[in-house]
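Okay, here we've got a single chain as structure tokens, the form predicted on its own, with questions on binding and movement later.
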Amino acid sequence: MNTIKVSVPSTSANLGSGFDVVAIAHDAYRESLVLTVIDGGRGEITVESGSRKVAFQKNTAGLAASLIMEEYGISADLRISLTKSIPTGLGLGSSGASAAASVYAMNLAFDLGLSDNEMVRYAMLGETASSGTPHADNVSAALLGGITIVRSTDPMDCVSFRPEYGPNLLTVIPYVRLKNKTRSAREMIPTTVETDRAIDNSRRLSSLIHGLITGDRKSLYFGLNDAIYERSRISLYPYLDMFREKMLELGAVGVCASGAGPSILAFLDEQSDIRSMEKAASSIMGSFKLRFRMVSSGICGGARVE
């Protein structure tokens, strides 16, 4: 029997115009996974999340592990124990974190020698247990850390970088629960987009990547705004426009939804008045009669052994 414990960070994906392309790993939360390998088994997988057992096919960690077992012909029994510290369903990469941690642990436990891109691919496929469709943004950031850009999913090709300037982040996390939120949020995305809007978003994405690399305020502000994907899901975070207006007034570099929301992410620098932002956030959330919390964080590394 062999046991390994790993941890991965919370993440925010999309970042305005970067839908399914850009994500960032931050130290707002970090959660752990313990993988126990029982030799001589029949390939059975048991998943425990907190104090309850869940079907491995319906859990991102369990599904990711089962795909690796199938492709590598692994016959040992697995016990996966998840300690879920990242709030679920709030746009902070909780389901992706489980998949990423599972793949990272499997790679180490069985000495598979998986490349970064191979790990991201397995974790992306594991995400289908939550979202119904594979997407690599959150899992790439959880595994690799820093800011990640998904250049291709077939074949998988991701890059990760960690800029010198920061960034500093403030996340406003409303306690709003929506059943099957990730799956429902992806169904809100338009299937066709007018050419002019697509071109505008391409400009914004280019600006976003430039801003993330350099820290340029103007580029980040422009790129963190999106006219297609974020707007199509505004019903999930109806307070976003109020936040954006007020936070920018108080010196934020830019504001966007974190993933599919409902959490809101503000990029900060030395010009940002964080105390006034916290008071403003309380006022806005109060007007919507929502409980919430705020977390200050910074960019961080990815998966690691504990």
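Quick caveat: nothing in here was measured; it's all calculated off a predicted structure. Throughout, we count residues from 1 along the sequence that is shown.
This next part talks about the form predicted together with a further copy of the same chain, which is not shown.
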a further copy of the same chain contact in the predicted complex: T195, any heavy atom under 4.5 Å: yes
Close approach of G132 to a further copy of the same chain in the predicted complex, 4.5 Å, heavy atom: no
Distance check, I209 to a further copy of the same chain in the predicted complex, heavy atom within 4.5 Å: yes
Proximity of F161 to a further copy of the same chain in the predicted complex, heavy atoms at 4.5 Å: yes
Residue among R203, R231, R79, K84 with a heavy atom within 4.5 Å of a further copy of the same chain in the predicted complex: R203
Contact residue in the predicted complex, chosen from N168, N225, T128, S219 - any heavy atom within 4.5 Å of a further copy of the same chain: S219
Region of this chain that lies against a further copy of the same chain in the predicted complex, out of 102 to 110, 169 to 177, 85 to 93, 144 to 152 [heavy atom, 4.5 Å]: 144 to 152
